[in-house]
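Only one chain comes next, encoded as structure tokens, the form predicted alone.
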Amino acid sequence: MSDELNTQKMLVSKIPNGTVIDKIPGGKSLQILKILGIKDEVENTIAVAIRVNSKSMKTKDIIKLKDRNLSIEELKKIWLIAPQSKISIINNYKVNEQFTLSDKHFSNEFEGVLQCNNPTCATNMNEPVVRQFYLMQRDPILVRCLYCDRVMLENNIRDQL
């Protein structure tokens, strides 16, 4: 019975202000930390729970970022690899705003997030153009450059995020 009670306790305490990323597919939180530029040296508290049991998913990851809000560009990058993730904006220990990335209606056409891996693409030649891509497939991720039509595979995309 005590084991049953222990499984219902919070793994990580609440944060006063910041962002919680929940419902991350199991094992993808480290990739999201990379997207957010979080490395060894951090000033604010960051909590990461990897492959925790979930009722709605088999396993999930959770990231809590104290005193940190995410930019639209960071949200788009996370949306590419974990669209079902739920974002909660916390103020004074309360959820101020909450949404699922897939509900944000990011367009399958996006710009500025990736760099085309075709070395002769106009976007890589110091031309005054914005890098634009089209999300062709979600699992595995495939995107197409809208300038040269080069299709990029998931491993190329993950290396850039």
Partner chain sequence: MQENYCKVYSFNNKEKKFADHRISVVKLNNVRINSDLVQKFQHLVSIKDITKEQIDAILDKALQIENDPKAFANSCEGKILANIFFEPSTRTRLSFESAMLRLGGKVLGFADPATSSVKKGESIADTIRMAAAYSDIIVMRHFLEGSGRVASEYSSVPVISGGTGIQEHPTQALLDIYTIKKEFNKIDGLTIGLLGDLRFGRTIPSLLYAFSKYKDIKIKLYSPPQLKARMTVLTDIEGKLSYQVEESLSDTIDTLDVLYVTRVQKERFPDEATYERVKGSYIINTDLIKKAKQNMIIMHPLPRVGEIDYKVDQLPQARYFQQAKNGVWVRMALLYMMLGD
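Numbering follows the first chain given and starts at 1. This is a predicted model, so every value here is computed, not measured.
From this point on, the text means the form predicted in complex with its partner chain, which you will not see here.
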| property | result |
| --- | --- |
| Candidate from Q132, T45, Q31, N117 lying within 4.5 Å of its partner chain in the predicted complex - any heavy atom | Q132 |
| Residues C121, E127 and R144 all lining its partner chain in the predicted complex, heavy atom within 4.5 Å | yes |
| 4.5 Å heavy atom contact, I15 and its partner chain in the predicted complex | no |
| Distance check, V20 to its partner chain in the predicted complex, heavy atom within 4.5 Å | no |
